[in-house]
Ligand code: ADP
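Below, in structure tokens: the form predicted alone, a single chain.
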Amino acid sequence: MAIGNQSPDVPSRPRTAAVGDLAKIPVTSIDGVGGQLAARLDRLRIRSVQDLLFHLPLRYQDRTRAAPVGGLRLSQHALVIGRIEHTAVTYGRRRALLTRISDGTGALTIRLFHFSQAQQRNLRRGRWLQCFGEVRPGPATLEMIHPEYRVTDRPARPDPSAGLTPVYPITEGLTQARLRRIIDAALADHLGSVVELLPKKILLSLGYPALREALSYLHHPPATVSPEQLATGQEPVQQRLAFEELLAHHLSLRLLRERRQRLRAPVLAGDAACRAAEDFMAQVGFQPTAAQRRVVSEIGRDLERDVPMLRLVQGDVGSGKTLVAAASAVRAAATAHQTAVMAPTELLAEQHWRTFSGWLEPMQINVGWLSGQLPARERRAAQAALAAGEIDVMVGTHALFQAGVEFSRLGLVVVDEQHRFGVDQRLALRDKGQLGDHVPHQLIMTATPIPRTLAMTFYADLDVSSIDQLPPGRRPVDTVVVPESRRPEVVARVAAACADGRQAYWVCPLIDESEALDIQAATAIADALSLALPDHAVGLVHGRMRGTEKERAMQRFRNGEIDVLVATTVIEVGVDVPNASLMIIENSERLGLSQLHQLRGRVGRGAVESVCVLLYHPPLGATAQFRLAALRETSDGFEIARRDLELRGPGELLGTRQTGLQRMRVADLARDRALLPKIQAVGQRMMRGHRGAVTALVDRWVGGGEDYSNV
């Protein structure tokens, strides 16, 4: 099928009714789809004819040519045609039906664990079998286990003109063959009703093929294109659909922004608020950076409006996001409004509580603490004080949005490490302050910087501020990569640092021994270091300890009573001990790039030169080499984020915020990031002049999913 760049012969203005028709025609209108099959399709989020047409293949198989049995290789997926020599039921550990076929070049066994008597009779000696599956080792010959097959009385020949065979996402009780028949029926009956939603001029300027052509091609690509070529996702038809899908998600966020701007928020302005923020910045005991002052001003301008602020503050580890949040809380308190500060872990939340208390209570701003670990009496007292308006800033974990927690006048919500929270959790906290159409302002912070283009496209409903400057005195951390065989040298380095009065972290990914993963456990490392460093105190912190135990160990580390703190990745975020100048990370090859960067950021917070040692178990795979090389080459969090996007895609960067991104049908943000600048430009044009198409595109690709991003 030829793919050109001509606009389809359909109206340039979308007929929303026609789009709605396809979306409203149930799958049960397709021949052969009854209630039971419809229920299975529903598990794949396929409920309408439109859903069927846009349920795109994961990959493709070439069944246009048969492979000689004698030339098959292990793990190869191949089409073979052979004559049945023998069929029998065997009784070993599992009952199985074995059929041996031959094509003159070799023999192959077909193994079926689930079969009927009719199948057994059908697979009789002398008949011909055409089957497609994965080649596996067997006791006598190579095997295929439960391949797709067809029995004939004469040798069948594959049809080179048939094109590649699509492989779709399926669910239990639904076979590939059955789903292909259903989708083919939908294409035959309804492809002509698919409406082009991209305006004609935009489609021509992009040079993309028409939507109907792209859908037809992707469901039935010709054999002239290889499955490997399609796997790259760079075919024009794939890029055309990826563009439309990414555009729809982007537009959904723009619509959310418009919706939010129709709500109202308290105005946190006036001379008292400005003066209080200035006084706070002057009395913190250090000189805020120009970047911190700029972001504080950006937030201040937002808070002076009656439109709800939704601002993402991103900054590298140690850039001073907490100061920015505290300055915003001071403005809220000066206008008699409360602030909620939510952090993902007990350790980080309690550290925020101590920091906010030290900064704000001298200004007569009351700071409270709420956690699931609090005794019931203390918890009830904190909730009562909060509801009575006696607490100005309440810091806590997930406990903040649970039932029974009531604010008096919640004006500002601060969420730290936003990617660690589910969208519904942030919505629940925001709703604590909703009165009619009035909602609190929201400030979202992340220490995982997001590349600018990605942020502009997939945080289009937020304003983004970047603290792109580290406080003076912060020294870069020297990062070294060391094989596990040099562990004694690393232990000696730790001993030397402790002898000089410094402290060290030793991070282990797991708590207990795991033979399956071959990872040294934190408990075993703590015991070994206690023996190796008899003159120095070794402590242990992990996620299974009670909150009071963790805090006691951390407090002893802060006070210098513990020289080496062995910990799991629970200390990844927020823990600040300036005297700690050495970080050892076990099994560093198993951790993600952003996570390694976060852990490294726990050191280098004092004036002394700091070192991060990445211990690894050889041999290193290509991905692990990429990660460790990146850590060694740069300490710039924005550059780390760019490389992490290359390596793993947007999941780690966007977290659970955009739930719809986890359901992309064709687009891949890492692969398709070059499309993002075009998407922003086209998104602006469509919001200005093609509003009907905007709504229809969002309905087609996102559906109701955009509601979950409204935070």
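The model shown is predicted, which means the values in this text are computed figures rather than measured ones. From 1 onward, residues are counted along the sequence shown.
Heads up, the form predicted in complex with adenosine-5'-diphosphate (ADP) isn't pictured, but that's what we're talking about next.
Visitor: Which residue among Gln287, Thr548, Thr171, Ser226 has a heavy atom within 4.5 angstroms of adenosine-5'-diphosphate (ADP) in the predicted complex?
Guide: It is Gln287 that has a heavy atom within 4.5 Å of the partner.
Visitor: Could you check which residue among His250, Arg600, Arg502, Arg605 gets a heavy atom within 4.5 Å of adenosine-5'-diphosphate (ADP) in the predicted complex?
Guide: Of the listed residues, the single hit is Arg605.
Visitor: So, Lys321 and adenosine-5'-diphosphate (ADP): in the predicted complex, are they within 4.5 Å at any heavy atom pair?
Guide: Although adenosine-5'-diphosphate (ADP) is absent here, Lys321 would touch it in the predicted complex, with heavy atoms inside 4.5 Å.
Visitor: Even though adenosine-5'-diphosphate (ADP) is not shown here, does Asp316 get within 4.5 Å of it in the predicted complex, heavy atoms only?
Guide: Answer yes; at least one heavy atom of Asp316 falls within 4.5 Å of adenosine-5'-diphosphate (ADP) in the predicted complex.
Visitor: Can you tell me if Pro471 lies within 4.5 angstroms of adenosine-5'-diphosphate (ADP) in the predicted complex, counting non-hydrogen atoms only?
Guide: It does: once adenosine-5'-diphosphate (ADP) is placed as it appears in the predicted complex, Pro471 has a heavy atom within 4.5 Å of it.
Visitor: In the predicted complex, does Trp359 have a heavy atom within 4.5 Å of adenosine-5'-diphosphate (ADP)?
Guide: Trp359: yes, in contact with adenosine-5'-diphosphate (ADP) in the predicted complex.
Visitor: Specify the contacting stretch among 361 to 369, 279 to 287, 134 to 142, 205 to 213, defined as having any heavy atom within 4.5 Å of adenosine-5'-diphosphate (ADP) in the predicted complex.
Guide: Checking each option against the 4.5 Å cut-off leaves 279 to 287.
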